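First, one chain by itself in structure tokens, the form predicted alone.
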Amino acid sequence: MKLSELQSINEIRLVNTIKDDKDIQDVYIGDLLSFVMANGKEESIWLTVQRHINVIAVAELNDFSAIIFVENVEPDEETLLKANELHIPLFVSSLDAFALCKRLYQEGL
């Protein structure tokens, strides 16, 4: 699946200016940043409720394709600015992580 295909899913919306079309190979769910750093795989999309700037550093370190903030969590302004600077696409979903994973699976991921 490509990042551009995420935007066709009603429950997901892009919240920054990055229009990258990276490949998505996997989904990683986690909120404990040290655990995500140690276990996340590149080309994954990361589902989290953490909204602060440190998530951008973790996403860059693990070479994630994008971050999706679940349960309508909105990233703060500092996070948006840093993500734009580092070209990391940020999305928000109204779904919780489990429901979003089910939806992504139904869409072919």
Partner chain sequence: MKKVYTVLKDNYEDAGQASRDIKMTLKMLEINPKVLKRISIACYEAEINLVIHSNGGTITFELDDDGIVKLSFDDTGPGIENIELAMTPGYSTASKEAREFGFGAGMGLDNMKNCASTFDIQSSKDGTHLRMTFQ
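Here the structure is a predicted model, which is why all the values come from computation and not from measurement. Positions refer to the first chain, counted from 1.
There is another form of the same protein, the form predicted together with its partner chain; it is not shown, and what comes next is about it.
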{"item": "Output flag, Met37, Lys82 and Leu86 jointly within 4.5 Å of its partner chain in the predicted complex, heavy atom basis", "value": "yes"}
{"item": "is_contact(Asn54, its partner chain) in the predicted complex, heavy atom dist at most 4.5 Å", "value": "yes"}
{"item": "Interface membership of Leu33, its partner chain in the predicted complex, 4.5 Å heavy atom rule", "value": "yes"}
{"item": "Its partner chain contact at Val58 in the predicted complex, heavy atom, 4.5 Å", "value": "yes"}
{"item": "In the predicted complex, Glu74 touching its partner chain (heavy atom, 4.5 Å)", "value": "no"}
